[in-house]
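Heads up, the chain below is alone and in the form predicted on its own; it's given as structure tokens.
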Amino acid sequence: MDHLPIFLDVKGKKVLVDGGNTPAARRVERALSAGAHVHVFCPKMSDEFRQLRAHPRVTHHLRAPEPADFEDCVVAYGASEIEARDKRLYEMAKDARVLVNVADVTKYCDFITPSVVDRSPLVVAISSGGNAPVIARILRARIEVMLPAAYGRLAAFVGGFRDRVMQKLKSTESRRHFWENTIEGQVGDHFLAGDEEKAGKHLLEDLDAAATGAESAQIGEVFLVGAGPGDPDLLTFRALHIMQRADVVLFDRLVSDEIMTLVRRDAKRVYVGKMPQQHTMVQEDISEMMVELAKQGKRVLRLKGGDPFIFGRGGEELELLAKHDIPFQVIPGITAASGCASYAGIPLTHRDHAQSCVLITAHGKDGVLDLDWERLVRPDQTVVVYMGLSSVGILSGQFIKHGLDANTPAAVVDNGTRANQRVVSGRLGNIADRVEQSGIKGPALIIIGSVVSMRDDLKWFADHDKTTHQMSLQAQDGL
């Protein structure tokens, strides 16, 4: 580590900025956000200073800084981009024993200004030691989207209880355990979900329990999280947040290995199977397990492929949770129809092809294929079939039998959105044979309708065959 990371208190103190350009404006903004009184030295300022000049804690000097200006100063920034002026600023600052930083001139820097993610009072600073500031900015952008704004408010919220916690919990260890359980437990959950009143109530209850040495009687909570169709980049930020905080994770084969690597490392993992006709654990047992784990005070993550409420049986699981008064949250995910169709280059709706889209499953409650065929064969619509790979021959035959043209375009997307995605397309009359020849094993999604022909119109192969979402059946994929 080339530099010592510190956070400097400049509230109410003097900060000097030499320059009137964009870098100078950024440094003035940063100092003001930290509560400093900023003295800016430059006869001419850029348009970015238009509002800054009127700030009550900004003093503008129409000249270059002099030695006397460094009196009572704690930090000086140089941003004039004039070598001789920057050197003079550095020398004056050193004579006055003031910390100095000159933009992009390492030899004139006592410290480096990091890229900052501001979720006040929570602040994340990122530095490359001056070697690669662009990388630091890229990382900052990634952290910006990964760190919800509510975390700053959460830090301020729990900070309001610090004095009470200090009074009731005397040891450092007991306070540390309390805060860990508070922020990572139901208090944090309720606050991030927008219920500050309930969060405060639970915090005080947990504090009383911790102060008396009693275990909290709080029941756990269940999170039904949609993991999307497979690509981890399609996870929602909320889903990723919950995945990092779960005590126990129940997952099935539709959840990709790449997504499972994002789950909290020390969480207990329970594979519940859910392969066609080969359930490692029946649905009733999965639901009962969630109830029992929650009663033990666990944060239970039920991780489902796609979206929990679209053929994910999430509603059935919630019924049992509600019956036992188990708190729960549902975090939606991108359903397979949307994800797989997008990655395969097939728009589900199009003004010239389909004005509606119907999502169906090939498996009913008792595993019997019993569909409303009259509704499904209507013109100008797209039909998407979940869990239909083993029945593709029966399905295509029934569509033709009930009036859909055998030349209707159809496609089967195998392992949609994943690196090994494959697409087999054809027409209703030959799609079953093409699927059999391909040897695909699923999970797969069937798309039926003239929108499938758009894949060729959009020249999807030419643009996407060499991407991470490779379509490996191009040779036999033509309509």
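Just so it is clear, the structure is predicted and the values come from calculations on it, not from any experiment. Throughout, we count residues from 1 along the sequence that is shown.
Below, we turn to the form predicted in complex with a small molecule, even though it does not appear here.
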item: Location of the small molecule contact in the predicted bound form, chosen stretch of 76-84, 401-409, 167-175, 331-339 [non-hydrogen atom, 4.5 Å]; value: 331-339
item: The small molecule in the predicted bound form reached by all of 229, 387 and 416, non-hydrogen atom within 4.5 Å; value: yes
item: Contacting member of 426, 443, 449, 65, with respect to the small molecule in the predicted bound form [4.5 Å, heavy atom]; value: 443
item: 311, 179, 90, 151 - the one with a heavy atom within 4.5 Å of the small molecule in the predicted bound form; value: 311
item: Any non-hydrogen atom of residue 307 within 4.5 angstroms of the small molecule in the predicted bound form; value: yes
item: 4.5 angstroms heavy atom contact with the small molecule in the predicted bound form for residue 254; value: yes
